[in-house]
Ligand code: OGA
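The chain below stands alone and is given in structure tokens; this is the form predicted alone.
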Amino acid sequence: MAVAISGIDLNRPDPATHGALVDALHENLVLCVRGQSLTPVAFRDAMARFGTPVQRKQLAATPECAEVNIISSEDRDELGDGKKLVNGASWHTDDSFMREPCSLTMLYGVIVPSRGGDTQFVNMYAAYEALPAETRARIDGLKVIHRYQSSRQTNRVSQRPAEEMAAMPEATHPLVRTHPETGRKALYLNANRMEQVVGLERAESDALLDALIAHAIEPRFQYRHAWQRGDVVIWDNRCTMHKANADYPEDERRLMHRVIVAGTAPV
């Protein structure tokens, strides 16, 4: 899981190189292109070759480009308690609270701390395939309700305006989804957004989701990315989970730019 590539300038698109990057992403789930120097617009345009960039108002955007979000060590819950907020501190897959979640996420390391601040990933193909056959038979076909603010959430999420919340009604997604391009099955989990398995009593639902999350995040399924300035990391939300770590020195900054591209309803 995961591959790093150097010697490519994403400011200068090359169709053959792009095809190789797509193949590397499908094979490895997490792709790092090192040594980049990208303005927000150039970052957006480079990532648009992988899909249609979409805006998400839950994160601040760069002044130059509305499709490029800012993830910063200075983030705060501006509409809530005003305290610092670590976006993505729990295991999750981006956008699962949306009825058509994004397919890919791209993160560009603008400022990285001297140590810490890694991003961890898990291979959800491998997690699914490692389950006992009887468990796979039990969960295939089950669906889960996802919400922006779930009663099961494990870390704080920013408060949003009422009109924005109204545009994010709960979404129901399969517990096991089939990747639309590879045809492989993967667990589809989000520890911070899942509310309940459809058709199960709450206690049974919680026990099942907790067990699947504990299984999926076992070290054997994980990759931990140590950031270098100029890294562009692209991952496939349809077959991974990830989490951010805020374990860097308090007097150092961490600044990332983010682009997500459109996806389809999971099946």
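Here the structure is a predicted model, which means the values were calculated and not measured. Numbering starts at 1 and follows the sequence shown.
This next part talks about the form predicted together with the ligand, which is not shown.
A.B. asks: State the residue from Ile139, Val157, Val110, Ile71 whose non-hydrogen atoms include one within 4.5 Å of the ligand in the predicted bound form.
C.D. replies: For this set of options, the contacting one is Ile71.
A.B. asks: If contact means a heavy atom within 4.5 Å, which one of 235-243, 216-224, 24-32, 42-50 is the stretch that engages the ligand in the predicted bound form?
C.D. replies: Going through the listed ranges, the match is 235-243.
A.B. asks: Classify Glu195 as contacting or not contacting the ligand in the predicted bound form by the rule of any non-hydrogen atom within 4.5 angstroms, answering yes or no.
C.D. replies: Answer no; every heavy atom of Glu195 is more than 4.5 Å from the ligand in the predicted bound form.
A.B. asks: Report yes if any heavy atom of Gly88 sits within 4.5 Å of a heavy atom of the ligand in the predicted bound form; otherwise report no.
C.D. replies: Gly88: yes, in contact with the ligand in the predicted bound form.
A.B. asks: Test of understanding: in the predicted bound form, would Thr119 fall inside 4.5 Å of the ligand by heavy atoms?
C.D. replies: Result yes; Thr119 sits at the interface with the ligand in the predicted bound form.
A.B. asks: Just to confirm, His146 within 4.5 Å of the ligand in the predicted bound form by heavy atoms?
C.D. replies: Residue-level check for His146: no, no contact with the ligand.
A.B. asks: Which residues in 246-266 have a heavy atom within 4.5 Å of the ligand in the predicted bound form?
C.D. replies: Contacts from 246-266: Arg254, Arg258.
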